[in-house]
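As structure tokens, one chain now follows by itself in the form predicted on its own.
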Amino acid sequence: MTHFIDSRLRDAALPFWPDVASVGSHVGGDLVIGRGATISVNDPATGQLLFSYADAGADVAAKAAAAAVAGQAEWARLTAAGRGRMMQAIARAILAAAEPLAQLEALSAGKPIRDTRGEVAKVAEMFEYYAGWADKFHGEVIPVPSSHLNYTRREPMGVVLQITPWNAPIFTAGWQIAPAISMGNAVILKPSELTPLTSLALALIAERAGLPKGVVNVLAGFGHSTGQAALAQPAVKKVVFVGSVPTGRLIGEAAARRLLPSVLELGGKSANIVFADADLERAAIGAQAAIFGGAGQSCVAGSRLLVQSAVYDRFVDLVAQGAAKIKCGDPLSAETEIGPINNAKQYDHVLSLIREGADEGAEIVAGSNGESTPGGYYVRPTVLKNVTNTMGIARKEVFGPVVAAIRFETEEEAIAIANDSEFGLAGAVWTTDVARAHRVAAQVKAGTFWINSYKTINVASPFGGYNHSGHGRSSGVEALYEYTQVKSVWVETAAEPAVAFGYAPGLRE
């Protein structure tokens, strides 16, 4: 089975797999080739075959679970400070391999190299941040009203299954792995079958830096086969999923049947609210970044642009003019600002929703008309005007560079429109009225909200959704609560403890 068909992808992979002929899973420090169905991955920039490999399947998932159990036992025996030092070493190793990692991500995921370089740096930052927490997140002594010493212990969950999407493979891998292992857990990571390469490379880098084998295992395969088999492993004690609402619902239900706790980071249809008093030029740039960055393939994308009527036409025109200037192209080109949609299925989905919006009466004022073009899965930054919040384009997650501009009159109406959605992942407001900014931030139901900015995310800040956008938090100190369980320990300290029940010689006779 061919490993890398594209020569540029092969060159980017050489620092990680110089002698390997096939793509496989990383299990217990070893490359394990699957025996399942062939998975073919196309180049998002050309639509041509990029590489192919065999689905890992249930046997490899079972091996990963066994490796994770052994690796977790060794990892948890280290002191917390020792785990922190190891994670700092991993961060340094990621930075040392930054350029080939960025190129590998750009080519396999179709993301501009200017973006992937920044994302690799953020992954290193994630390991640095949680390295600092390794010996600082701990239990406490509780002043109970008795003669007991009562203290709590923060203990690892054990083995955690993490399932990540294709839109930001290495970013979401680091986002999940770093907090989990900082608390002494082991990880089975199942990346999207379309983008396994940088997650596999990250596991290799971590082990080369000294991480015990089995602490991070990566399964290359389909969700319905390999992912399902991993979820069924008795060793798995928690499930974390990043992806779509329908798949998240299935995973949540499967976890619930096993009484497993889960973190679900799902989709969004975020409202980006612009009031007439805003700095319109800055807000227009912010609106473009909110939806067109990453070709709109972001769960927090500002895909609903709510604009006050007094400036609606002028503002939408500013955004449309900017959209026309954004450079689409080869992911490895330094000039490229957005790349292609990751895969053919998603490409067709984006185009179909643009057509649906036009059929419902929205006016396309910039970008694609919903028709496919040859030469890769490219969609021009697209602006739809005269959208109402009842249209499909305003209610369905597009996950592409498509913004729906909706008119509103009052602050109350803007908040009502923003909250009229099944999602609740993110949102923003642009205004010079400080009191209004805080009122809106307080009333919009979303896990992350920006004022006069958009899409700033940092590992130190909690991230997660309301409503159908999921539950649990994946960053900040809050993530450490997700990756530990609490044990309460009671120690009797009285010289003559009170006896409330029971009999023994010399006591209560």
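So that there is no doubt, residue numbering starts at 1 and follows the sequence shown. Computed from a prediction, not measured in an experiment: that's the story for all the values here.
We do not show the form predicted together with a small molecule, though everything after this point is about it.
Within this chain, Leu211 is remote from the site of the small molecule in the predicted bound form, having no heavy atom within 4.5 Å. Interface membership of Leu95, defined by any non-hydrogen atom within 4.5 Å of the small molecule in the predicted bound form, is ruled out.
Among residues of the shown chain, Thr116 is not one whose heavy atoms approach the small molecule to within 4.5 Å in the predicted bound form. Within 4.5 Å of some heavy atom of the small molecule in the predicted bound form lies at least one heavy atom of Lys190.
Proximity to the small molecule in the predicted bound form, defined as a heavy atom within 4.5 Å, holds among Lys136, Arg282, His224, Arg153 only for His224. This chain is displayed alone, yet in the predicted bound form one of Ser199, Thr164, Thr382, Asn217 has a heavy atom within 4.5 Å of the small molecule; that residue is Thr164. Residues of just one listed stretch (190-198, 331-339, 434-442, 314-322) have heavy atoms within 4.5 Å of the small molecule in the predicted bound form: 190-198.
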